[in-house]
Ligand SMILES: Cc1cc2nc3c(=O)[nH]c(=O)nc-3n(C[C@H](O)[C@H](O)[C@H](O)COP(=O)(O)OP(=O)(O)OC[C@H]3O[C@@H](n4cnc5c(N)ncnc54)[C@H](O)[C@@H]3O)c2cc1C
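This document opens with one chain alone, in structure tokens, the form predicted on its own.
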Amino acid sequence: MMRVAVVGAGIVGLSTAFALRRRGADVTVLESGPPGGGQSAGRGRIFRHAHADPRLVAQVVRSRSLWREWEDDLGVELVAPDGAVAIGDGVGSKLETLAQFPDAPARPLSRDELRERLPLLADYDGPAMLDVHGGAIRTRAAITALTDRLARAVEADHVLAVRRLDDGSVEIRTGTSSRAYDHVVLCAGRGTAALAGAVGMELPVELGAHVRLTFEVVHGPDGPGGPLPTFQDGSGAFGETGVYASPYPGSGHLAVGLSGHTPARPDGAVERPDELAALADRTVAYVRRALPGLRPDPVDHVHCWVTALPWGEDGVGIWSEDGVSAVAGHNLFKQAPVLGDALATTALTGSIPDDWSHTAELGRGE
């Protein structure tokens, strides 16, 4: 039985371990904090199919199918069935791309239907669309279900060093142990590039910090209404582009973020903390203008790291060499099932599946 260590228990690390265990590997997951407490933090993410790179659309379609399989296997809803709404001039090109994928139905929304589906939005009369099989990912449900299924495979310890041994195995030194494995998969968020660099793999990760705010839904005379879709605003009609929003379970709260981030140094220090505060202030101002169905005083903040690759906002890639694999990219939650499957294949066969190698630059043009 092949012994594989996965460093990091965010959604990608847990997905990788889940896929490895399904294939009969002996898996250990090493995580210094609570599972899902790093870049996977928060209670919701957007599942959407629309991307500029058709190769990424194809992978996301596969991922949506795997999310459904997980729901059946784990016995919990993981993606809400309420759709993903997008507005702005980019809607036409998104619909054109998605028309190539019958398993990712999408259609334009009229002004009236947009108001019906997203009643907390201010008046808007521009291009709008519905990604029918999109929706809010139940992030905590996914993290909890995967952690429970993996059970004692998840160990609370921090990884200090990774090195290759002469016998072909790979050693991991943690705070309390030194063990060798047949393969090591690095899914450690902002720590991945440093660990990979120590074994000779250079990952061109651009590190930054991002803020996402949560607001209470109060639209309508009787408070919150029915289920809400996720929302992306690329229109500029309300003073910002690249805005995203995802409802919490029950649709009583909406998490809202701007696409921007503030740079961070390789050591993890935020270069200009005032810019992070400014992003939060801009988010509040946007909510006041665009989402009058929300109470504009945020009830919580999520601060997280951005690990972007130079070829695209949603770029993703896998590196693998001599018993060590690493993954990097941004906006990976929706891709977790298919990405975990690709990483498991890489670990067990030594070959990165088509399109997932960093040389393919999957997600180019985002």
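Residue numbers here begin at 1 and follow the sequence given. In this text the structure is predicted, and so the values were computed from the model without any measurement.
The same protein also has a form predicted in complex with this ligand, omitted here; what follows describes it.
Although the partner is absent here, Gln39 is a contact residue: one of its heavy atoms lies within 4.5 angstroms of this ligand in the predicted bound form. At a distance threshold of 4.5 angstroms between non-hydrogen atoms, Leu118 is out of contact with this ligand in the predicted bound form. Using a 4.5 angstroms threshold between heavy atoms, Leu195 counts as touching this ligand in the predicted bound form. Though the partner is left out of this view, Arg272 does not reach within 4.5 Å of this ligand in the predicted bound form, counting heavy atoms only. Contact with this ligand in the predicted bound form, judged by any heavy atom within 4.5 Å, is made by just one of Pro127, Gly83, Gly208, Gly191: Gly191. The listed set Tyr244, Phe215, Tyr181, Tyr286 contains one residue whose heavy atoms approach this ligand in the predicted bound form to within 4.5 Å, identified as Tyr244. Taken together, the three residues Ala5, Ala19 and Gln59 lack any non-hydrogen atom within 4.5 angstroms of this ligand in the predicted bound form. Applying a 4.5 Å heavy atom cutoff to this ligand in the predicted bound form picks out His330, Asn331, Leu332, Phe333, Lys334 from 322-349, in order along the sequence.
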